[in-house]
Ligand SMILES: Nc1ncnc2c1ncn2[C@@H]1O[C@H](COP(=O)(O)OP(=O)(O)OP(=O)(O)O)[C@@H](O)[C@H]1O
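Take a look at this one chain, the form predicted on its own, written out in structure tokens.
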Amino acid sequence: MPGNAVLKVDNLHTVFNTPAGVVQAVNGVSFTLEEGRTLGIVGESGCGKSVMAHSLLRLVDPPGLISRGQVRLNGYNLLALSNEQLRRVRGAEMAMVFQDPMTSLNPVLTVGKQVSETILSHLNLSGLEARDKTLALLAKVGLPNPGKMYNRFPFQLSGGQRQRVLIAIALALQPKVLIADEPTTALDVTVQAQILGELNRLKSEFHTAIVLITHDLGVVAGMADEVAVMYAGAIVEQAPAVEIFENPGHPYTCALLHSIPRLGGANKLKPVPGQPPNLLELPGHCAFAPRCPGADKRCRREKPVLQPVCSGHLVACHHPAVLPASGAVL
């Protein structure tokens, strides 16, 4: 059952000031996440998913800048905290599993040292107590022989094992919100299933809310309670996961669903036509209009706003679909 809202993002904007101009990477994103629930964020590469994820924890480096908006965790705005206050929040109340485990882990420190450092930086524990907690975490995320894993370096682990170490670090302090940025990238399907299974199991155990960033709609179908579809830095559709797959309302969502390969080959793949817009020059009208077969004069003149088309289903489109897309259900 849904619980209390732990994370509220309101009108978040993140830009990159470049010699060519201002890149509008995140353009007015808003959503609410409840405890024990998973929100899947999907979209093409370059749509702003990862920048949005990093913005939630203020991990955007120059020339990136969070220009406006609010990120409220249990009521207080993370964007208004001092660096010292934010340091106490990161890891303890909101944590992140980064996209590339090889570059996210320190290559010259053992796995055990890296997990223990996270624990010792927030909790008043002895080195021995931190070691015991680390061993328990390594076992909890499914790593075999935690005692040996504790003394290994990242290069001595497989991709799936490194990803589990990142999950152990992220969950070391039982945060209220976990951001998983493409947690199964470059992993084979068997390891993907294991990693996603661990996330689901740990979510159930700790009642952690998860923001799952991915381009894989199959992963979203199996993991998410709710789905937000991003395009050109903005959310263009948001609904419960079942509703998204059975009754997509935005033409971009429909196009994404039709681009998924299916067993049996009954449906020919239909790539999304055209190219995403230049984030340096976002139009004042619907950003998807040049790629949309149903676009009309209004679409090329007015920018649609995200609004409800039915209970719990929001769509930013002047002409939202009302019938399920054929073959959309995964």
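Each residue number is its position in the shown sequence, starting from 1. As the structure is a prediction and not an experimental result, all values here were calculated from the model.
Heads up, the form predicted together with the named molecule isn't pictured, but that's what we're talking about next.
Report task. Would you kindly say which of I66, L279, L57, L33 lies with a heavy atom within 4.5 Å of the named molecule in the predicted bound form? Result -> So the residue touching the named molecule in the predicted bound form, by this definition, is L279.
Query - Of N11, Q307, S311, T18, the one that lies within 4.5 Å of the named molecule in the predicted bound form (heavy atoms) - result: Here the answer is residue option T18.
Query raised in the report: Looking in the predicted bound form, any heavy atom of V51 within 4.5 Å of the named molecule?
Result: Contact check for V51: yes, within 4.5 Å of the named molecule in the predicted bound form.
**Report entry** Contact label in the predicted bound form: S45 to the named molecule, heavy atom within 4.5 Å
**Finding:** Output for S45 is yes: heavy atoms within 4.5 Å of the named molecule.
Query raised in the report: Taking heavy atoms and a 4.5 Å cut-off, does H215 contact the named molecule in the predicted bound form?
Result: Result yes; H215 sits at the interface with the named molecule in the predicted bound form.
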